[in-house]
Ligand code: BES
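Only one chain is shown below, in structure tokens, and it's the form predicted alone.
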Amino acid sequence: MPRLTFSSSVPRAASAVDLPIASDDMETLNPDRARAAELSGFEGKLGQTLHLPGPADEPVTVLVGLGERADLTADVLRRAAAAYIRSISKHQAAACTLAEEPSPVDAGDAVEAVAIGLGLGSYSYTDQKSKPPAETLRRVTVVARGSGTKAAFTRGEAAVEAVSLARDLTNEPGGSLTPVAFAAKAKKACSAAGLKLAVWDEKRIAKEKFGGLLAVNQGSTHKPRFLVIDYTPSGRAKGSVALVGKGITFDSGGLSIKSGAGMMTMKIDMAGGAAVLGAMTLLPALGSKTAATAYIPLTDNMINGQAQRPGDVFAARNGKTVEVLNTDAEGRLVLADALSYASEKKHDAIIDIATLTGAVSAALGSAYAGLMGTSDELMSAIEASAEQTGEKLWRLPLPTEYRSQLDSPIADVKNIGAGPYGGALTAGLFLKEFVSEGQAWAHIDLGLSAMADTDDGVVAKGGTGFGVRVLADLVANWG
């Protein structure tokens, strides 16, 4: 990734400079540029770019489409900045003036959005390459003026770093990102951010009666871990929010084994835990006045002679017994313990995030995550944060008439619903069993939104880091 810098003017070293243009402002281009745009089919649509070389001693001008001016938002600026930085990969240094574009977007919000778009748009994961591809682009300068814009740029940089952390974790193979390795990376990240971290080993997990985490871990040679991360603001806290992230570092399905194709991307099954960790590291940079605690259960879901069998029963942290009829519905088992424990701490709200079901993507596709919960006020706050960050959520119900599908003849509850439909909803109903009565709680089911097949706006191919910014925004603007 190129280095991002901030300046009030275009650096002399820049060999490319953007010229943002809305589709309904095309007539403002000078005749030469208008002719070049017409010949190339450039119409100012969002994400379009067109390079217009000038004299040899001047930088290349890059037209960057914004779409219709009336639709200009922070998310449009993020997407435009991502398109711009992808188009200038052959340059060594460039400037970006998108943040100075006159718009209804606040100047600080514009600078932050542009920094995020540039940073996330240039993200790539190369840690497993024997010879990482050489990067020509070394520096991109965000050009803006005005009070508070430098601080906004710094917030944008911090968001890029937090999302990149989550993406790196999600992209890393499950064979190297074991629970112990995840905990070690979390320790490094928390130390850098000034967060308090407690790492529970298998003995502490057993002592705390985390039956679901232990049951899923039975088939693994890698020991489980449970992370508790605390962010404490300076001064009196405005409230307390719990973030719970699923951390299945690899999911084979257990004895209810997945197909080869279904298993191929299961290194991403800890994307919820990665998002929570990333969000926590971002809170100090945002100056959040709300306290937050993260709870991340970590294990893989593998097969050996000790693996849990379909039909086995375990007791979760809150004492409820669970009949496990499908060992591939394991994420809800580890979250059951984490949600039970978080409920005991009397937070103002609990939000969990998980790659919980494929059913949610059957309903919503790969761009949207599902949102459900017990508090309309909490879900509305999450939706407001998602609107700010450009991450797509869609609210789903928790229908009480489906609850009977989880009834077990031998235990308090079973871990899957009846029949092939509504799997995301019955999974949400299962989690609700482990949240205290009256507790404000919301559940984000990532589904396929945790991983992308292609670059799209600020999303890069591979792990997306979905949830980092929306969770951090929610906590930072709590109350």
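We number the residues from 1 along the sequence you see. Nothing here was measured: the structure is a model prediction, and the numbers come from that model.
Below: the form predicted together with this ligand, not depicted.
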Can you pick the one in E391, E101, D269, E157 that has a heavy atom within 4.5 Å of this ligand in the predicted bound form? D269
Of R78, R167, K246, R225, the only residue with a heavy atom within 4.5 Å of this ligand in the predicted bound form is K246
Tell me, yes or no, whether E330 is in contact with this ligand in the predicted bound form, where a contact means a heavy atom of each within 4.5 Å. yes
L66 within 4.5 Å of this ligand in the predicted bound form, heavy atoms: no
Quick check on P59: any heavy atom within 4.5 Å of this ligand in the predicted bound form? no
Does G44 reach this ligand in the predicted bound form if we count a contact as any heavy atom within 4.5 Å? no
Among the candidate stretches 355-363, 117-125, 382-390, 104-112, which one is within 4.5 Å of this ligand in the predicted bound form when only heavy atoms are counted? 355-363
What residues in 419-448 sit within 4.5 Å of this ligand in the predicted bound form, counting heavy atoms only? G447, L448
